[in-house]
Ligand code: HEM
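In structure tokens, the next block holds one chain alone, the form predicted alone.
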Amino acid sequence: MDPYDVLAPVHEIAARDLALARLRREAPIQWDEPNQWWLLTRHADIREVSRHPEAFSSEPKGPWHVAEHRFSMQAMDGPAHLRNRNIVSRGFTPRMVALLSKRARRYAEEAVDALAGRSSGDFVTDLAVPVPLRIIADMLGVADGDFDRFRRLTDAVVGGTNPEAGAGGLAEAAPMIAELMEYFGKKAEERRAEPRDDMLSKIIAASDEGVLEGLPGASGDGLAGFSNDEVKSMAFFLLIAGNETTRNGISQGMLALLQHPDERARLASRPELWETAADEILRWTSPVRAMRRVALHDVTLGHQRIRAGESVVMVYASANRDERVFEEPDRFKLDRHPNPHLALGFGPHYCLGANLAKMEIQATLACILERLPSLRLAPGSEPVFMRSALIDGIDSMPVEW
């Protein structure tokens, strides 16, 4: 089976899920010769790889879709990953998320207000994009209101992972990446001169004040401070991770609610279901389709010998439908509990913004269910799915109300 049959987005999600189910049954750890990687489809195997960075590294040491490069702390292990995570975690505390929840609801309300006098639009552009993009822009302290520019740039970066585009997709995205990096470089210089109450200022201050020196490996090996390039890289990563994945969770979540009207009605009438609903939306949609690791030494995984230097690709979209873990995995069930999904990763690389992402999904969709209760797919239209080997998202979804 061609791995891209399950990695590449398809219009028929059911067909993809059938292919993944077949792999889980017949070849849960499958070697793909043309792409030189192992494809992992079972929850247990993906969890095992995720919790052992000493055996399976996140650093760029092997093939990964169309690009192979260091992408901030997502592609780091050990002391480098720890110091990045230590600093960034200060922006994702429960207190910070609680403070941002009111702002997220306000941004969702303003997005709906902007539709006054209209009866149709594009769900992604009009309703899914504004909340996560404005929140991460606020956290970073970047230009509020320049959302068309940021969406264009971040979409171009994600578009570079289109398996059909090959190296050309990354080449097309390169000028956009350069533009973003230049922008964040200027912002970093401004924050060093005049700090503000934002994440860029916190990153720079923590580094300059030596907060990182106590971390393992941070003494005498050049890890004690952040360079301007590192600050730019971190801001770039946060913009992509804090915007693209969450807005795709929102848009895919709305599509799931439209396709499951009984669950939508239950959620609209029983807001207490939000205690579990956001996690079920994440399990069902798996906004990040897959991630890569590379074996640092020979290791046995699920009776399969994996050699040092070989890559494994963890397919979260499959793990989150694993019959061995989830009862009725192909049922969208908003009160599902427990729900040990891997949509936000697992182990040392578990998503720092997990609580923020779930809060933004809840704030946005709850507002839409209240304010636009008749929202539906526009007659004769279909969602346009993103062409990406990494992100399971929607580029456009015409709706009316």
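So that there is no doubt, residue numbering starts at 1 and follows the sequence shown. Keep in mind that this is a model prediction, so the values were computed, not measured.
The following text describes the form predicted in complex with the ligand, which does not appear among the structures shown.
Name the single residue among F92, F326, Y107, F236 that comes within 4.5 Å of the ligand in the model of the complex, judging by heavy atoms. Only one listed residue qualifies here, and that residue is F92.
Of M291, A173, V97, L267, which one comes within 4.5 Å of the ligand in the model of the complex, counting heavy atoms only? So the residue touching the ligand in the model of the complex, by this definition, is M291.
Heavy atoms within 4.5 Å of the ligand in the model of the complex: does Y316 have any? The answer is yes: Y316 has a heavy atom within 4.5 Å of the ligand.
How about S251 - does it come within 4.5 Å of the ligand in the model of the complex, if we only consider non-hydrogen atoms? Output for S251 is no: heavy atoms all beyond 4.5 Å of the ligand.
Though only this chain appears here, would R336 touch the ligand in the model of the complex if you measure heavy atom gaps against 4.5 Å? Outside the cut-off, so no.
Would you check, heavy atoms only and a 4.5 Å threshold, whether R192 touches the ligand in the model of the complex? No, R192 sits far enough from the ligand in the model of the complex that none of its heavy atoms falls within 4.5 Å.
Among 355 to 363, 41 to 49, 370 to 378, 24 to 32, which stretch sits within 4.5 Å of the ligand in the model of the complex, heavy atoms only? Every other range fails; the passing one is 355 to 363.
Looking in the model of the complex, is the ligand within 4.5 Å of a heavy atom from each of M73, H81 and P287? Answer is yes for this spot.
Select from 336 to 353 the residues with a non-hydrogen atom within 4.5 Å of the ligand in the model of the complex and write them out in sequence order. Heavy-atom contacts to the ligand in the model of the complex: A343, L344, G345, P348, H349, Y350, C351, L352, G353.
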